[in-house]
Ligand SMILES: Cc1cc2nc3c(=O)[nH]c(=O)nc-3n(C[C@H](O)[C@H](O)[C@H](O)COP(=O)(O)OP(=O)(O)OC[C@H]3O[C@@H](n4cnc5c(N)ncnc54)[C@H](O)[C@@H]3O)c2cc1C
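Next comes just one chain, in structure tokens: the form predicted on its own.
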């Protein structure tokens, strides 16, 4: 198993449940890379893709506004052109409807798929099921959000209208100028994302699995196909190889014969250790590209999308923008001693992950490209990978998530 983020670790745990001898390999410790800093949402209703109708006309703005909710660093625009082209193509009304329908088959069991892992690892206390409040700061914003609300309702996602008075009762700390809200009761909240990944990795080890800190350099081939991975700590023989290396997966996939337009959506967060006022549940302001989530270490304000390379330096002004937005959302907040972070979401133009068997090698499986759905979909992905490795039928048709769809 290559990759010790939440997706790779969840896959490893599902495989260990089937009795497989699993070695989880990553150059970093479990939960210390992208999975460390996410917004904490397990959201079965997140079926709307990143690309939506009218996106083409927004591209110039992405290039000109380095601090917007979605920005493209212009120096990287040429290299990002294939991804951006695919993103725009995926944003037509017909494609959006199709993608939403496909994600609607994958995400409904997102929380349920975690249940056996949480029970066996005794990590259930890290997941709260108190829903998410989606807030709107104007009548115009609420009107614009109706398409997203309708899309969710079309596929059975519970969305409840909330009056202004009810919104104040639910979240007294919110800014008084907020006009509208809806409540998504099925959203789960992880109060320590890094702790969840670390805890699952420890559970894997208690079941006899191994966790190895090593950089994967190559895959070797025998007469029947891939038979080992070469790391900076030696060569590991493998009956099956699962690639779940997040934003670093495309290089491995290419070596194994599959080319994918994987890019990194760079996300930022600030965590405020003692905010003085904070929400009781997850809050998402419409159209602003971030979530505010109460966690054990404080209030985390996380999100935005910055398209650049894996190697580009962080633009910490984006973290300062998140702090400014937190002050507007919660007027009484104290942002002193906030910490900042940047990570790399592994994303594909159609906002769907790659989940499935390699079309080139029967013992290679892929589980990457989850974008904003890594924490949400990790346990469900792990269950599907477990079924594929065991030769069992999967609970859903995985063809829409195949690596060769591109």
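Numbering follows the first chain given and starts at 1. None of the values given here were measured: they were computed from a predicted structure.
Although not depicted, the form predicted together with this ligand is the subject of the following passage.
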Notebook entry, point to check: Just to confirm, residue 16 within 4.5 Å of this ligand in the predicted complex by heavy atoms?
Noted result: no
Notebook entry, point to check: Looking at the partner-bound form in the predicted complex, is residue 352 within 4.5 Å of this ligand by any heavy atom?
Noted result: no
Item checked: Distance check, residue 381 to this ligand in the predicted complex, heavy atom within 4.5 Å -> no
Margin query: Can you tell me if residue 356 lies within 4.5 angstroms of this ligand in the predicted complex, counting non-hydrogen atoms only?
Written below: no
Notebook entry, point to check: in the predicted complex, does each residue in the set 28, 302 and 372 place a non-hydrogen atom within 4.5 angstroms of this ligand?
Noted result: yes
Notebook entry, point to check: in the predicted complex, which of the listed residues (196, 204, 245, 242) lies with a heavy atom within 4.5 Å of this ligand?
Noted result: 245
Notebook entry, point to check: Tell me which of 326-334, 166-174, 84-92, 262-270 has residues with heavy atoms within 4.5 angstroms of this ligand in the predicted complex?
Noted result: 262-270
Next item on the list: Just give me the residues of 332-357, first to last, that have a heavy atom within 4.5 Å of this ligand in the predicted complex.
Entry: 341, 343, 345, 346
